Each structure stands twice: as C-alpha cells, then as structure tokens.
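Coming up are structure 1 and structure 2: the same protein chain in two forms, each one given alone as structure tokens.
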Structure 1
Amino acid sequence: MTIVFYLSAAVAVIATVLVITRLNAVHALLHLIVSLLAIAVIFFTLGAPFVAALEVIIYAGAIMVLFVFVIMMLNLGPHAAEAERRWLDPAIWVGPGILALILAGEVGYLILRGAAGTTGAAIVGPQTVGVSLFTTYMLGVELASLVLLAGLVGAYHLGRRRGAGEDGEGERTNG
C-alpha cells in the first residue's frame, strides 16, 4: 500500500510540473486531469474513498469540463484550428498516457487487493460531508462558486470578438 501512495504522489508531482510548464492550454488540461486522478488515488490509499470519488467527479469531471468550455469560448481563429490538428499527433499523448496507465495499474492493484487503507481514521459518510458543506462551510462553498463564475465571465469578456461598431471598451460608437 505504501508503494502505491508514493507512486501516486510521484505521478501527481510530475503531472503538476507538466501542467505548469506546458504552453498549450489543452496539453496543460490533460496533465491536470492526470494530476487530479493521482490525488484521488492518494485519498483512496489513505482510507478516504468518498473523498477520492468526489475528487474524480467534481474536479476531474465537472471543473475540467468548465475549463474546456472556456477554452472553446476563447476560440483563437485559424491558429487554434492548426493547433487542434497537431493535437492528433500520437507523440503528444505519450506523457499523459504513461502517467494515466501507471494510475490505472495502481487502481487495479488496489481493487484486487480489496483494501481502501488502514490509517485508523474514522470513516466519514456522504451525509456528514453534505451537512457540513451546507451548514458549517456554506459561505466557503458559495464564495468558491462566485469565484468560478467571475472567472468564466472574465474569460468570456477577454476572449470575445469585438464587432465593427464597438470601440476598445466594448461600447458602441456613433457614426
């Protein structure tokens, strides 16, 4: 179990470094997904399978879809179309593919072994997490949703194309 933890931690660190160093946003997103999946495996090995499932569903699923929508909204024209053609090159998928295969092997090992972790911590169920999120931490959850909404609106505003009758500030000019 310890080897799975350290291997997942190494995959998470490598994938996160690759997120930071990639110039292409889609490549960075691929590495970010691998990093989030590695963090989910770490949670699972520490005895928190519910948190691991939330990590996959919320972060690797929903937040990544939001990021992809923002990238699609920021359509950069012909240059972006050429970049999309280059994404089909198999060499680009080697790094995220190898890291994802390592994680898949770890998850298979954990499933076959049949143990989630033995840290001695108390098991926290979904109901307890839900009650905490909507009572004690409700302000934090709402603030996080507002920050995500502000980021989405800001990305739209920065990436939208200006019409012929609009000046640099986005207002219509007379004439």
Structure 2
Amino acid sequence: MTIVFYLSAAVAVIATVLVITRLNAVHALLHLIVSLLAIAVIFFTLGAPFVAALEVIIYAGAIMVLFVFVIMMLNLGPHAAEAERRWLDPAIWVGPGILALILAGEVGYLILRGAAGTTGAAIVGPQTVGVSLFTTYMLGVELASLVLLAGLVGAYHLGRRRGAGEDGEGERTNG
C-alpha cells in the first residue's frame, strides 16, 4: 500500500503542475480532476475511506461540474487560449517560483524538524466520523450550514442580477 501512496502522490503533483500551466481551462479542469482522484486514493490509503468517497463525489463530481458549467456558459473559444498564452509570459513564473521555493524550504524545514511517526494507524470509518461530527463538532456543523446558506443566497443573488440583464435593469426588476 505504501507504493500506492507514493504513486498517487506523484500523479497528484504532476497533475497539479499541469493544472497551473494549461492554457485551456477545460484541460486544466480535467487535470485537476485527475489530481483530486489521486488525492482520493491517498485518503483511502491513509485509512480515511469516507472522505475519499466525498473527495470523489463532491470535489471531483459536483464542484468540478460547476466549473464545467461556468466554462461552458462563458463559451471560451480558441481566442481564450490565445489570450492565456499572451498572459503567461515565461518571465512571470520567476518571482512566484522563487517565493514558493523559499516557502517550501521553510515549510519543509519545519516539517522535517519535528518528531514524526507514521500514518495509517487505523482505519477511521464513516461511523466514527459521523459520531464525532454530530457530537463534538455540532457547533461547527451549524456554522457550516450557515456558510452554505450564505453561499446559496449569494450565488442566487449574483446569478439573478445577471439573468435580469444590465445592472440597472436588474435592480429595477428586483424591486
């Protein structure tokens, strides 16, 4: 199983690199799905089958489908990829790359310095998670539901204004 972890990790990293370098949004999205699936596998190997399933269903399924919908609605054609190429001047990678390297060094140092241990102590199944979720983290669940509600209302509001046409008109029809 250990080899599966490293394989999946390699897949996830490569796929992610591809996500941030692709010019075509749909391609990037597909690579992200690959990355997410690989991480789902990692979750599984780490003894968290419940979140592995959720990763596949919600991340790779629902959320990515949302992206696909939006990309389709925006109807990005070949000119979009052309614009991406113009935007992605190779020089632009240098600064963020250096920053990220420094951060990586710092984080890596911190992680490797600490006393460790190994993962996969036990499989923590859905039941355990559920019990913990609805007892210890009850308040968090309530808050999360509020966040979702806010997201729902926000998305509805923004989408509705757009659907009503121009801003000014939208506001008028709202009234």
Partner chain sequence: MYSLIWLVPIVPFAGFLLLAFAGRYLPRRAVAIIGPGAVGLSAAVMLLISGQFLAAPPAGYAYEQTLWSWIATGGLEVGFTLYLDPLSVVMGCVITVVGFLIHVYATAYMAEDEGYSKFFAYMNLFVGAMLLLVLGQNLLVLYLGWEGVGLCSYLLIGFWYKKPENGAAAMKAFIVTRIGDVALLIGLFLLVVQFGTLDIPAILAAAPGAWAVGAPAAVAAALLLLGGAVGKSAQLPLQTWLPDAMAGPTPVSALIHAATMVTAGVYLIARLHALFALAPGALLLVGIIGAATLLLAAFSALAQHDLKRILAYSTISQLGYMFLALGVGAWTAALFHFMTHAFFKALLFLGAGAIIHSLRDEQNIFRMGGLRRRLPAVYWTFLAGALALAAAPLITAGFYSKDLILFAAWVSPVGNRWLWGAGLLGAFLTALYTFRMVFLVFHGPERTAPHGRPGPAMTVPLMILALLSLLGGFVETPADLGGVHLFSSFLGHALPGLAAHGSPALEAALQLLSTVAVLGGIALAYQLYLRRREATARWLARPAPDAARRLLLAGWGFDWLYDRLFVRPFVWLATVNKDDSVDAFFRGLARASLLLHGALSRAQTGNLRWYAVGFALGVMALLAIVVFR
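Numbering for residues begins at 1 and runs along the sequence of structure 1. C-alpha atoms forming the largest set that superposes within 1.5 Å between two forms make up the rigid core. Note that this is a predicted model, so its numbers are computed, not measured.
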> Structure 1 or 2: which one is the form predicted on its own?
Replying inline: 1
> Relative to the superposed rigid core, does the CA atom of residue 107 travel 2 Å or more between the two structures?
Replying inline: yes
>> Following rigid core alignment, is the displacement of the residue 53 C-alpha between the two structures equal to or greater than 2 angstroms?
In response: no
>> On a rigid core superposition, would residue 129 pass a 2 Å threshold for CA movement between the two structures?
In response: yes
> In Å, how large is the C-alpha displacement of residue 141 between the two structures after the rigid core is aligned?
Replying inline: 7.7
> Can you give the CA shift of residue 95 between the two structures, in Å, with the two forms fit on their core?
Replying inline: 27.6
